[in-house]
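Just the one chain here, laid out as structure tokens, in the form predicted alone.
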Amino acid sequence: MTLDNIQEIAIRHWPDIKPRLDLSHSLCEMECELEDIPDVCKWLSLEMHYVFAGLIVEEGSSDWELRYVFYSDHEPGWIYILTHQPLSDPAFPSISGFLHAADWHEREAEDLFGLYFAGHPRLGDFVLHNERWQEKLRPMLHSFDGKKSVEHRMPDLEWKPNLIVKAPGAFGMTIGPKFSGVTEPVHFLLETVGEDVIRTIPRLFYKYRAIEKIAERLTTESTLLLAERFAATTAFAHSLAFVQSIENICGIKVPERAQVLRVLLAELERLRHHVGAVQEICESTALAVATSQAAIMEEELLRLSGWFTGHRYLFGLAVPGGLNKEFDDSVCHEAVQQAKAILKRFDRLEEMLRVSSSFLDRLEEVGIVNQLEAMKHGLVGPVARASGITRDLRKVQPYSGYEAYTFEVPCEQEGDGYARLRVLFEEARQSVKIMEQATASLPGGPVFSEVRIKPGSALGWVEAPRGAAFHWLRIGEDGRVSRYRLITPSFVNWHGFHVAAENFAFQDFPIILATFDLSVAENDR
């Protein structure tokens, strides 16, 4: 159904809606009365089958502006549901009761902005932990000075975790937040009455960095540095989403050669990332040889990235208007040939893992997330595709010319750890297939178009290695950032991780965690 058809239906149901249709950007914005927000969002998600991408909160001069972002998973199209409320009345209806994917979005907005979502069952103690920070700190408000330290902390010294399991003999086992090695801080509370985990509570944001707050009043160039550095292993994907938001605001047409090279770099990052994810899965199952083989391949891909671009994690490449660097055609072809050679060894590793019964016993029918739960929690990326959801922004909302490439979106139905592993291997193969197509048709011409920064707002999006990522940007009249909003795949998938971890044995927990390939850095932004 086209956007104008959806707009017509919405107006018939809610005559007070104020729609704005922008077919050039496949966008329809509908401004609704506050009391209509739940019904409109329910209709859009349950009847029109639009996917909830996230909630964007903006504090204006006199009112709150909330934008609920939805997109189609079968044809290009975006719908923003917009509502306003005076700053003196920060109360909004919750939509998490029927759209559970909005649960963490509302909790985050309550913790950081001080909004209240009527009907939400569990607000507070989310980003800002109660035993460390006082309630009502609200660090995202304009009135909060992020450059000054909080002098008088008033944490809740009596805070205790909210245990749910009340059966005789029930207890909670804590894991973290400190870990050895490079694992970043996250705390897990596993509730049980025996050997199986009944309830899993992940507690994140120990390293909350307030990137959205820091970005306020910065130039777009400075904010780009934040965008590509907050999650280094997926740096290019996030920098690409950010610069696309600028290009959408300024109406910039990126040169064709730059678009093709962006695809090449994005798929090189995806390949390297997936090899690293497989290495983590092998390590979680104590397969030392397989772990070493995958680690060697990941290192080779990092070296390839460094040789090809000048940076192992592809920093400093994506800029508004194109790329910051030109690449010789012959060098591009050589990079793809090296990637293909590594992929052959990666395929061989998969063949060996497929016949390792001790390995398969740890993954098959373990950490299951069925399709219904995956949809309920709005899971994205390889995790969702392992549970029967064939959603990929490169296909459903193509960008950077992805519509010109032929590739398959792998999908498995079992929703267990082995299904997630198979998706990673197949996506790696598809990435190399895309890279081959990109270098086979490299057009000539420049890799950069001059950009004149203009005021306005827009969304940039990519299918990052872990899934759908969204960067919302508003540029003020002075050319500086007035609002920057990050919605990352790890933020979404952490929300649904507990589904996979519950009702399985304690010894399965680290393996399930590895197959989810979750990033703390990408979440604690």
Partner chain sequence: MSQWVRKGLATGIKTTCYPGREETAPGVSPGLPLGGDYPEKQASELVKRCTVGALSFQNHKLVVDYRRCVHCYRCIRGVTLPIAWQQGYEWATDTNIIETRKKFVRAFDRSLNIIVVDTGDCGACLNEVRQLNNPYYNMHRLGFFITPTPREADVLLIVGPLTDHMREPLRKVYDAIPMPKWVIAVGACALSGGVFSPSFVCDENISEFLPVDVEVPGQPPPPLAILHALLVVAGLKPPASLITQSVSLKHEEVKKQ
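Residue numbers count along the first chain shown, from 1. Predicted, not measured: the structure shown is a model, and the values here were computed from it.
What comes next is about the form predicted in complex with its partner chain, which is not displayed.
Peer 1: Would you kindly say which of P202, G321, G388, P139 lies with a heavy atom within 4.5 Å of its partner chain in the model of the complex?
Peer 2: Looking at the other structure, the residue within range turns out to be P139.
Peer 1: Going by heavy atom distances of 4.5 angstroms or less, which of V278, A231, A428, V369 would be at the interface with its partner chain in the model of the complex?
Peer 2: Comparing distances to its partner chain in the model of the complex, the residue within 4.5 Å is A231.
Peer 1: Quick one: find which of 255-263, 351-359, 379-387, 433-441 has residues within 4.5 Å of its partner chain in the model of the complex by heavy atom distance.
Peer 2: Checking each option against the 4.5 Å cut-off leaves 351-359.
Peer 1: Taking its partner chain as it sits in the model of the complex, is E247 near enough to touch it, meaning that at least one heavy atom pair lies within 4.5 angstroms?
Peer 2: Judged by the heavy-atom cut-off of 4.5 Å, E247 is well away from its partner chain in the model of the complex.
Peer 1: Would A521 count as touching its partner chain in the model of the complex under a 4.5 Å heavy atom rule?
Peer 2: A521 belongs to the contact set for its partner chain.
Peer 1: Answer for K213 alone: is it within 4.5 Å of its partner chain in the model of the complex, judged on heavy atom distances?
Peer 2: Flag for K213 set to yes.
Peer 1: According to a 4.5 angstroms non-hydrogen atom cut-off, is E184 in contact with its partner chain in the model of the complex?
Peer 2: Result yes; E184 sits at the interface with its partner chain in the model of the complex.
Peer 1: Within 4.5 Å of its partner chain in the model of the complex, counting any non-hydrogen atom, which residues from 144-163 show up?
Peer 2: Sequence-ordered list: F144, G146, K147, K148, S149, H152.
Peer 1: Explain in one word, closer or farther, how the Cα atoms of L204 and H152 are placed in the model of the complex relative to this form, where the distance changes by 3 Å or more.
Peer 2: Their C-alpha distance shrinks by at least 3 Å in the model of the complex.
Peer 1: Over in the other structure, so in the model of the complex, do P155 and E108 pull closer or drift farther apart at the C-alpha level? The difference is 3 angstroms or more.
Peer 2: Farther apart, by at least 3 Å.
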